[in-house]
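One chain comes next, on its own, written out as structure tokens in the form predicted alone.
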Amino acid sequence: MPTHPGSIVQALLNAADGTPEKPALLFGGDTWTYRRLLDDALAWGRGLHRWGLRPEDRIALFLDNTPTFVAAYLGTHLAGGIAVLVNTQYRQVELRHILSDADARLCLTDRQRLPELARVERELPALEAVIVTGATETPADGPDNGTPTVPRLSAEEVLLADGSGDLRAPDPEATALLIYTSGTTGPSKGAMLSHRNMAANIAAIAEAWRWTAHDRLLLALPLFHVHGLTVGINGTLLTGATVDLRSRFDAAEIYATLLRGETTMFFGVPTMYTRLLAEAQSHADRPPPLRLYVSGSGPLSVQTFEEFRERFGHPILERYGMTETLMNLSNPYAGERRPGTVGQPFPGQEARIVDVATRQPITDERMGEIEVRGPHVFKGYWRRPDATAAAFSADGWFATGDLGWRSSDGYYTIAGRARELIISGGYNIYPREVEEVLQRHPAVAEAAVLGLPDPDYGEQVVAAVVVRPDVATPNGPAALAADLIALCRDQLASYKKPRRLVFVDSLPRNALGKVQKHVLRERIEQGDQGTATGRA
């Protein structure tokens, strides 16, 4: 089993002691050495401690990729807190649930997202303060630009607070992250990841991918996602490498950076690779070979794999992970990177295929559910012992909910999701929360949401809607479709809104009244769409 320091904070302390002037993080033309990054993390830890942070208090991080995000994440751990990762595209429905369920005492955000947070702060009794980055004085904006109901602090106020604080590397078994992942049969759940979970997983990844201090990672993945934070940032700190962090993915900027030849690794989701292929069409030059391109967070098509290998001269390494387990499987660094598969378990981790009904292991080449076991698997669901117990077998195997099979030579293939998760552009979308928003519209009797193939995003969100017969829609179905999509855009992250909306007379159901989404999918794909279709 790969060795590790017990926590990412300890890895930072080790790197700052051994190579203090080594660049750890590059951002916006500035450089954070390991010493500077540690100093910033210590400043956040002391400031949070001075404010009154208690061990295991939850701090929500609701801001874009910045060095502040990284330093506050590390500072939270130095002060003994738990970081709650919040997608920057979330709106009031998601914010209300996550911050309330986590009982977050603090939320770190920026001016751009402060208005959205202000819309729900009255409904968050545990929230005691909002820290706003990029503000030189205390922000005063509240709901509808009125008086805030939760005190505002500027980041400077926190960082300049006096007090040394009791700062140390955290207990490896303590909870480090709370990341919300939802299913289709209930409210989203917070997955508790320990410091040991993260350190053990990234140590296994570093060994498998031969990640060293000589690497320079180009990272445009969001840090609120495990791929960006627990792989990209954690791996950089564990190995003493350098990360070139970007606030967001821009294909032209990324391509231009790759052309310079300074990068050794790039991590992305399938949509990023299709964008890079499109960008390459307008360039005569190709980037020099990278040591490693990695794809995850959604299925990489064989077509994209082959086209990228032809144009960039490099086979993408596809891996498989999830919030509760971090990274599970990976195609080999040295060996066949087989398109359409996600390879084999990382060092020190296990995987198997079980029969969905009996939960017993089954032989190779047979379809079943993927289960995993190892030090990377999370502690359990926040305040949900029932859900935790249901997810684990008696001997510690975690049921991923993903269907697949293992080839006779050990390569795993994911065939689909046992739960109705949609992955679009690398983001997880859960049908139920979209359905609930659609059904708030007075003209909607029923709604069913599913994912259909999309050549760019992997999957697109499609909604089938039954209109109430007693509600007039004088402007026609196209106008109603636009209203419904606008409602979703207002209530949810933009990527969750339906890209296609289909009006049907009824939803197919089985004898027990459950919507048969496989039947609905077939009807939509065959063009049996009911009365009208709207697109976004």
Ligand code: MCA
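A residue's number is simply how far along the shown sequence it sits, counting from 1. All values derive from a computational prediction rather than experimental measurement.
Another form, the form predicted together with ligand MCA, is not on view; read the next lines as being about it.
V269 is the sole member of L237, C107, I202, V269 with a non-hydrogen atom lying within 4.5 angstroms of ligand MCA in the predicted bound form. Checking R36, R489, R500, R50 against ligand MCA in the predicted bound form, a heavy atom within 4.5 Å turns up for just one residue: R489. With a 4.5 Å cutoff on heavy atoms, S297 counts as touching ligand MCA in the predicted bound form. Among residues of the shown chain, G232 is not one whose heavy atoms approach ligand MCA to within 4.5 Å in the predicted bound form. L221 belongs to the set of residues with a heavy atom inside 4.5 Å of ligand MCA in the predicted bound form. Although the partner is absent here, Y495 is a contact residue: one of its heavy atoms lies within 4.5 angstroms of ligand MCA in the predicted bound form.
Contact with ligand MCA in the predicted bound form, defined as any heavy atom within 4.5 Å, is confined among 359-367, 256-264, 379-387, 242-250 to 242-250. Every residue in the set R275, M322 and Y427 has a non-hydrogen atom no more than 4.5 Å from ligand MCA in the predicted bound form. In the predicted bound form, ligand MCA lies within 4.5 angstroms of at least one heavy atom of each of the following residues of 207-231: L221, P222, H225, V226, H227, in sequence order.
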